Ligand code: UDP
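Let's start with one chain on its own, the form predicted alone, as structure tokens.
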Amino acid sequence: MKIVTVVGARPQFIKAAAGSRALRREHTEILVHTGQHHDENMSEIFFREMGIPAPDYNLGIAGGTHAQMTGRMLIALEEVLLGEKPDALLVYGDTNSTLAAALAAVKLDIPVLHVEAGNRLGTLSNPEEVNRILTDHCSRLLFAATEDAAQKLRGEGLGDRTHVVGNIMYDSFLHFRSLPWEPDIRGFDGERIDVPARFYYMTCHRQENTGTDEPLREILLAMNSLDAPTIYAVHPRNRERAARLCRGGGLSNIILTQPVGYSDSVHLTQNAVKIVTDSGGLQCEAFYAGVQCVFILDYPVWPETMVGNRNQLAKPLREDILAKLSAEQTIDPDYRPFGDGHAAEKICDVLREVTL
């Protein structure tokens, strides 16, 4: 088949690294990058280090409100699809790029394949939740990462379209974990940073936690009080606030860095004492690595990780974060909710068996 794959944000690049490798063994893939994440450290570095094929189209669409971004993407993607006339469109996850691509395709009667379908938070106040639900209901085939996600799809009447394949991010994690690590972690000034022998690893980018000073200050104060430095990989839009709060608050136990590449992130995850994040992807990667995680959000993104204190929800409050970090985790080696690391191959198996 001829399949157009649309990506736009860092988590989708990680998924596409595994997905494109498998798809291109049997199909012709046209890769479209919307430009939603366009910063060098959020985009190009992933294509280079993960061996993702260069995009056939780079739409350069970023910024603006959700409606403005999604609308511009919808117009541009319709033009691509009209020109390419693919047999199917494949999308990952829950970004504005995902929704715009699904809407453009379904209105042209092009079958939509949604990888990482069925995840639900239970609140429409989260913009990604809206994207997920609408994309799932536009899709011809739904590839769920877990049985819980598949069950939610069945509850919405989508069971006949649903296939449980495992989490495709686990495919990429296992691949990069096995490779040698040559750290290339850089501070805001561009200078390479030496990784301490013992450290905590943190990312924090959601609007709820970084849109004003107070929640981020509380998170940073908690991390600064720990018994080892914290490596904080800072999202570009949060750079000024993070630098000002650390500098003004004398928070010398926090190492601020530019966003890190995927290999660096995997190995930081594996070697960290513990992890604090509001990233759904990093929450999963901590689980894969057996490293305890504290997730700064009001609801779980991956409920499968919330067992044995392996991943705990915390408020953006110093006392709550420290209390959760002090808990001990318990790991059941037989509990593997995210599959066996062969999700991409299983997606191709399904495509071989069905008629779109």
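On a predicted model such as this, the values are computed, not experimentally measured, just so you know. Residue numbers run from 1 along the displayed sequence.
What comes next is about the form predicted in complex with uridine-5'-diphosphate, which is not displayed.
> If you check in the model of the complex, is F199 within 4.5 Å of uridine-5'-diphosphate, heavy atoms only?
Because no heavy atom of F199 falls inside 4.5 Å of uridine-5'-diphosphate in the model of the complex, the answer is no.
> Indicate whether uridine-5'-diphosphate has at least one heavy atom within 4.5 Å of a heavy atom of Y262 in the model of the complex.
Output for Y262 is yes: heavy atoms within 4.5 Å of uridine-5'-diphosphate.
> Find out whether any non-hydrogen atom of E285 is located within 4.5 angstroms of uridine-5'-diphosphate in the model of the complex, and reply yes or no.
Because a heavy atom of E285 falls inside 4.5 Å of uridine-5'-diphosphate in the model of the complex, the answer is yes.
> So in the model of the complex, is uridine-5'-diphosphate close enough to G19 to count as touching (4.5 Å, heavy atoms)?
G19: no contact with uridine-5'-diphosphate in the model of the complex.
> Which one of R241, H163, R72, H205 is close to uridine-5'-diphosphate in the model of the complex, taking close to mean a heavy atom within 4.5 Å?
The residue in contact is H205.
> Could you check which residue among N119, S139, T230, S279 gets a heavy atom within 4.5 Å of uridine-5'-diphosphate in the model of the complex?
Looking at the other structure, the residue within range turns out to be S279.
> Pick from 185-193, 262-270, 219-227, 155-163: which stretch has non-hydrogen atoms within 4.5 Å of uridine-5'-diphosphate in the model of the complex?
Selected range: 262-270.
> Going through 2-26 from first to last, which residues have a non-hydrogen atom within 4.5 Å of uridine-5'-diphosphate in the model of the complex?
Counting only heavy atoms within 4.5 Å of uridine-5'-diphosphate in the model of the complex, the contacting residues of 2-26 are R10, P11, I14.
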